[in-house]
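Consider the single chain below, provided in structure tokens and representing the form predicted on its own.
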């Protein structure tokens, strides 16, 4: 589409009465059955909106995207989720359906800024409350293990809001690591965050054994495979792990609690659950939970 046509389409929307919601903007553009399948919630990543679109509405994706731009003028781009988190780096693919043809955004949170390129890195604005919550738990001079650091939201927000001494930010995805370096410099955190490019399973034995007071594990899927490494990274007296996991709503924390117990047994540690809470809904049958647990060697009382 040419720039003139884009401008004409934008004016056409602006000349109409501003719709108050996405549903209202699509009132005459979707059938009754289609409206029933419309997902009106979306994520905001800077000036990009990310929305999920039901399979039966894929042909109307462009119309939905343009309507979202019309009702939320702060956005320049609308992307739709085009698949689940996949691959070695657990990246969620997205497709531009309306607006500016760019997946790069500047996201702001808790006084910090993050350059994010959607579709190339894992990033969730929905964990902002968790980042703030954990920041308030971190004690003065704690050393943090920020596993699966991505472009740095957890360690950078911790730097801003807590009295931590240092964070080891470990990331395997080269694209995300590049963003991590950029955002550490952007937020002037070089003296508090040590970025590490590598696999947690290899990094912990070589560099992080017994160094951390607290470990954060915000991997969208598969974090249970790294529970042993999280515990081994804790200081000899023990420490706290924040473990995120997608679970079936019916069974809840049953499986992850079992995984924590088995991993602790393998490394000779005992654990105590401090928190077991839902973080967010993911689908009709799944939700994300967080389990905060204390882990320390069995020989310690």
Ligand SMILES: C[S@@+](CC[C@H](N)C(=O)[O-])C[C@H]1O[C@@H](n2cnc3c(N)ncnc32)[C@H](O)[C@@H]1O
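Residue numbers count along the first chain shown, from 1. These numbers come from a predicted model, not from an experiment.
Although not depicted, the form predicted together with the ligand is the subject of the following passage.
Undergrad: In terms of non-hydrogen atoms within 4.5 angstroms, which of the given stretches 72-80, 134-142, 205-213, 167-175 touches the ligand in the predicted bound form?
TA: Partner-contacting stretch among the options: 167-175.
Undergrad: Within 4.5 Å of the ligand in the predicted bound form, do we find a heavy atom from each of 122, 199 and 218?
TA: Yes, the whole trio is in contact, each within 4.5 Å by some heavy atom.
Undergrad: Any chance residue 107 has a heavy atom within 4.5 Å of the ligand in the predicted bound form?
TA: No.
Undergrad: Quick one: is residue 149 in contact with the ligand in the predicted bound form, heavy atoms, 4.5 Å cut-off?
TA: Taking the distances in the predicted bound form, the answer for residue 149 is yes, it comes within 4.5 Å of the ligand.
Undergrad: Indicate whether the ligand has at least one heavy atom within 4.5 Å of a heavy atom of residue 192 in the predicted bound form.
TA: No, residue 192 stays farther than 4.5 Å from the ligand in the predicted bound form.
Undergrad: Consider residue 153 of the chain shown here, and say whether it contacts the ligand in the predicted bound form, taking contact as heavy atoms within 4.5 Å.
TA: Flag for residue 153 set to yes.
Undergrad: Quick one: of 228, 160, 90, 103, which gets a non-hydrogen atom within 4.5 angstroms of the ligand in the predicted bound form?
TA: That would be 90.
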